[in-house]
Structures are given as C-alpha cells and as structure tokens.
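Heads up, the chain below is alone and in the form predicted on its own; it's given as structure tokens.
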C-alpha cells in the first residue's frame, strides 16, 4: 500500500452491479474518460513483459502509429481453444516498422466472438488489453445483447469499423499472458512470479523441491 501511495496516483472506480457483459462494464467508465484515449486492462489477465518498453507501452505507441479507433493486444493460441476467445481476421500492417523475426502488427478486418474451430478466421486471439478512442462508447450504445445473453465488447469493436481502423499488436516472443480466471490458474501464476522474485524466489524454490520429494 505504501508503494502505491508513493506513485502519487488517484484511483476512481465504479461497480457493475449486474454482470451484463464486458461492453457494459467498459461503458460504465465513460464519465471518467470524457474525450481522452484510454486503456482497458482485464483483471483476469496478466501480461509478463521482459521487453523494454513493456507490452502495454508498445500497444499505446502502435495505437498512435496506426491512427486506430481501437488497438487490441493479441496472442497466437491453439486452434482448439478458439471457442474461449475473440478471434481476429487480420492482414499485415503496412507501416514503418523495424524488421523482426516475425510480424507482430496487424489491421483487423473482422472479429468473431468465441468461434468453433471451423468458424475461426485465424488463431490470433484478443488477450485482455485494449486501447480505445472515446468513440467506442457510441458503438457500445448501439449494440444489442449478444452471445451468452450479454453485451459483447467484440460486437462494439466490429461495429466501430464503420468509421475507424482496428489494429492489433501480437505479444513478443519473450512476453507471456497469464490467465488467472480460476483459483488453480491464479495459484500457478502466483508461484511463477514468486519464483522470479530476487528476494523470495530462491527460498521458495528450495521449499518446492522438498515438497516434491
């Protein structure tokens, strides 16, 4: 808590009393955003980024480079897991980029929410980080209830293609997404991060070795 206070930041929050979908949850932040670009970071996802700048900083920079209405963080997943995510139909971004060992910048032609393997246009999935123009609120207002009886953020993003460009930045090779949406996944992520900690990592590693015996 002391470390947070030293950052000299202010935290405001609003509660989504009824779980009516991610689009509705994002819309509840409208009064905080006003006319500024903003980031959405889903709480059930951690991105461990060894790069400098970190993934979120690169995502924001690419959002500006692409002059996008929305820019999505993206990850290549196993095709059999496509029914868990929003999946992208993409083409390579034609901008001024430094040559890399693989392409990581894309323009999103379409999105499909939790498709079957047969319906999936690729294996590139949205992975819990977004940069938005405030115009996204206009499209959230327009969408109807979608899959699962909820207002899907993916539907609002798809609709926003009417007036803006959607971009995507793939995780780098040394970046990893942690899904912490269940107790077991959270526990595994917690252990991984503790093992990386210089102070407690060595002691915890020795303790785990003893348990294994």
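The shown structure was predicted, so the numbers you read here are calculated from the model rather than taken from an experiment. Numbering follows the first chain given and starts at 1.
The form predicted together with a small molecule is left out here; the points below concern that form.
Just to confirm the contact call: exactly one of 166-174, 32-40, 51-59, 146-154 touches the small molecule in the model of the complex at a 4.5 Å heavy atom cutoff, so which is it?
Of the options, only 146-154 has residues within 4.5 Å of the partner.
With a 4.5 Å heavy atom cut-off, would you call residue 113 a contact of the small molecule in the model of the complex?
It does: once the small molecule is placed as it appears in the model of the complex, residue 113 has a heavy atom within 4.5 Å of it.
I'd like to know if residue 139 sits close to the small molecule in the model of the complex, meaning any non-hydrogen atom pair within 4.5 angstroms.
Although the small molecule is absent here, residue 139 would stay clear of it in the model of the complex, with no heavy atoms inside 4.5 Å.
Does residue 22 reach the small molecule in the model of the complex if we count a contact as any heavy atom within 4.5 Å?
Residue 22 belongs to the contact set for the small molecule.
Classify residue 127 as contacting or not contacting the small molecule in the model of the complex by the rule of any non-hydrogen atom within 4.5 angstroms, answering yes or no.
Result yes; residue 127 sits at the interface with the small molecule in the model of the complex.
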